[in-house]
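In structure tokens, the next block holds one chain alone, the form predicted on its own.
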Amino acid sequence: MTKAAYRDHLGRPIVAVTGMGVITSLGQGLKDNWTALVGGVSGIHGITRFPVDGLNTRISGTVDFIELPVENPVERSYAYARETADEALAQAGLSGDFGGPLFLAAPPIEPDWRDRFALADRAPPSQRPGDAYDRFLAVLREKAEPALHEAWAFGAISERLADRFGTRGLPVTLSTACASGATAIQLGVEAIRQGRTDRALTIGTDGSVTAEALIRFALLSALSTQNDPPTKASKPFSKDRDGFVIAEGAATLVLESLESAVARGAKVLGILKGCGEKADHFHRTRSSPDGGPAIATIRAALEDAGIDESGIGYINAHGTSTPENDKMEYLSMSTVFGDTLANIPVSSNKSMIGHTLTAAGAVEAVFSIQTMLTGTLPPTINYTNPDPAIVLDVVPNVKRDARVSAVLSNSFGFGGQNASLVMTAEPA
């Protein structure tokens, strides 16, 4: 290949994906996850991690099959990230020190209720209203608790991953709500395009399903309350959708400049062709109902990729199954793609795995690339009552064989965080 063949339409290094790993409620590893996903299997189940008596939502897509030294969100998120990174690096054929930067999307961290109660039992009596944290600190000054410190430190996960995999430089931890996984990938793409590195390790992970997290999302009226049966609760773009199903998971993508990947004889799984991100100041949780920021995000991703609307063969939708977000996403897609949207298959992985929150953008990027590699479109399950206001080909209920060479994956999150990725097949 000539030097020019390794550059994109703007003269930047082309970014290849050479390794992928994934964990969701469907199982561990890309093979098991993909088999279940295209088979229309749901990983949603009743919650057993904590009591749910009296709660309106009693279902989730938690990952309960990974052994942990301690049960808390940091240990879960680290374990999921570690396992997917091991898988991705093995597929990429890389061992020893990774030698490139780490970009990690991780959930916001705060003390678990059980840890707070345990500290409260050891703390001195309250002297004034609102002094709980002063009392907690007094306990910790008397006796250091390294395990608690690590469980509460936002950067702890990335530091442990950096040590384990020998990444280069200060690891970057980010949290941009539901767009986080896609944002981590975008940062890796930009680092390679700017010539700062030949490879980057990008990970999205989330093991933060706790009683407190569930209750908080429930108070926002964001969660589905269709508990029975759990597998039928997540129904994106359906008329009777009533909220998302909170879930866990992780995904890792090894990114390399195409030139570097070819030089070392690596198998190229796909190309990160374009990234788009826009902020939305409409509301701290709700997306702008006019779809303006989401429209701008999709258009930015297409422009960055150097392709127009006709070049997209499949859309991996954000598709949360909330009444408002699905409606907004449809408005944004129909505005960008116009009449051609009717001919583009659009499906939602969340119908089967739930909403993996911080990890979602990375998990769905892996599935998007796998769609191109296998020529199989995952279905949107539970699609039995179509919303007449959302006219889409959602690949209803059953997978479809179709060769596509370019995929758009959307991630539209709380707090006005919007990101879209365009992925393409390996260039000839």
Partner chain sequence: MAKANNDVVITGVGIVTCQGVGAAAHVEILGGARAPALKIETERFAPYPVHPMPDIDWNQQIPKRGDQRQMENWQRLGVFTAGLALDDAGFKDDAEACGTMDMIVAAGGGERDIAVDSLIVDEGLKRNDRERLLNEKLTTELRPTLFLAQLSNLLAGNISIVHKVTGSSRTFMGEEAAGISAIETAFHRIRSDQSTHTLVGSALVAERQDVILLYEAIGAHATGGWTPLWSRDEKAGGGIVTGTAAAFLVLESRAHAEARGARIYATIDAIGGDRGPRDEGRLEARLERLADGAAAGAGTVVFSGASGQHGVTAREKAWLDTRFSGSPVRGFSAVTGQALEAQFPLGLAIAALTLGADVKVAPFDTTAEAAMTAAAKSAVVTTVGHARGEGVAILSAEK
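Since the model is a prediction, treat every value here as computed from it, not as a measurement. Whichever C-alpha set is largest while still superposing within 1.5 Å between the two forms counts as the rigid core. Numbering follows the first chain given and starts at 1.
Beyond the structure shown, there is the form predicted in complex with the partner chain, which is absent from this document and is the topic of what follows.
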Notebook entry, point to check: Just one of P171, P230, G270, P73 has a heavy atom within 4.5 angstroms of the partner chain in the predicted complex, so which one?
Noted result: P171
Checklist line | Partner-contacting position among P386, P51, P69, G46 - heavy atom within 4.5 Å of the partner chain in the predicted complex | finding: P51
Check: in the predicted complex, which of 198-206, 172-180, 333-341, 346-354 comes within 4.5 Å of the partner chain (heavy atoms)?
Finding: 172-180
Notebook entry, point to check: With the cut-off set at 4.5 Å between non-hydrogen atoms, does G155 touch the partner chain in the predicted complex?
Noted result: yes
Item checked: the partner chain contact at K327 in the predicted complex, heavy atom, 4.5 Å -> no
Check: So, in the predicted complex, is R135 in contact with the partner chain at a 4.5 angstroms heavy atom limit?
Finding: yes
Check: Is H149 one of the residues lying within 4.5 Å of the partner chain in the predicted complex, judged by heavy atom distances?
Finding: yes
Checklist line | Sequence-ordered residues of 349-386 touching the partner chain in the predicted complex, heavy atom within 4.5 Å | finding: none
Notebook entry, point to check: Just checking, between this form and the one not shown and with the core aligned, does A120 shift 2 Å or more at the CA?
Noted result: yes
